[in-house]
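Take a look at this single chain in structure tokens; it is the form predicted on its own.
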């Protein structure tokens, strides 16, 4: 299986604190780390760790931070030939993580603001089974997903909280090219608050809509029916990137032929393992997820997933 993720790549500056500061106040961080991040970058790394042939389309600056990001991605097995070097500083995000593992973020888009011009470079030479677009504005997302569908790729879109605020009407044109829509609970609530009466149109336009609910698990709507899967209780250290690890896990499992509920369970496991580790790209390997599922009574699912993924990857290699 070959995936392409489209979206942001950032330098994450993580500050770990007991409690985030109130307005006008100051707190001391107990730990500081510099790590690679960005939703599309996180997805690409998470997919690669699951054994997927993973590539990314993003923009970085022609600076040392951009070079560092690419080295980090390549070290994780992500193919970077579609990355554009642009005349803008590489994007970065300041992330404050509290003692519960919850985070607050301030983002500087930098090079990421020029993603639209990089998307225009996509053409018939694109080699991917699945294209995932993450935290990208509707017009740019539509352009990338339309190209992907025209080339016969499966597609997914995780708009992120900022894009969700624009409402459903601004996203309708994008949905025409989306096979799987990922939302977290906040984003789903935001969309309904803006255009409550039109929420049902999402389920008419998108074959599968997945809602990530953190410690409450996840649910998905397909063909007018909701399917739910429970969360795995773990001690959270850092929730940054958990949603991207979930997305990659779901795409991997669903594309491998598992049922919708099985894909949700596998994705929940990917997200659960991620939150036990610091950094947005500390997602688990396939063997780690399989062992995690076995330890929690999902031996049959773990075995089925392994066999299905091996078969899926063999078919992809034959093509």
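Just so you know, these numbers come straight off a predicted model, no measurement behind them. Positions refer to the first chain, counted from 1.
One more form of this protein exists, namely the form predicted together with a small molecule; it is left out here, but the text below deals with it.
Report the stretch among 170 to 178, 79 to 87, 209 to 217, 116 to 124 that approaches the small molecule in the model of the complex to within 4.5 Å, counting heavy atoms only.
Stretch with heavy atoms near the partner: 209 to 217.
Could you spot which one of 154, 184, 140, 190 gets a heavy atom to within 4.5 Å of the small molecule in the model of the complex?
So the residue touching the small molecule in the model of the complex, by this definition, is 184.
Would you kindly say which of 282, 260, 293, 272 lies with a heavy atom within 4.5 Å of the small molecule in the model of the complex?
After the contact test, the surviving option is 272.
Do residue 268 and the small molecule share at least one heavy atom pair within 4.5 Å in the model of the complex?
It does: once the small molecule is placed as it appears in the model of the complex, residue 268 has a heavy atom within 4.5 Å of it.
With a 4.5 Å heavy atom cut-off, would you call residue 146 a contact of the small molecule in the model of the complex?
Flag for residue 146 set to no.
Taking 4.5 angstroms as the cut-off for heavy atoms, does residue 130 touch the small molecule in the model of the complex?
Residue 130: no, not in contact with the small molecule in the model of the complex.
At the 4.5 Å heavy atom threshold, is residue 243 in contact with the small molecule in the model of the complex?
Residue-level check for residue 243: yes, a contact with the small molecule.
Check, residue by residue, if 2, 54 and 70 all come within 4.5 Å of the small molecule in the model of the complex, counting heavy atoms only.
No, the candidate spot makes no contact with the small molecule.
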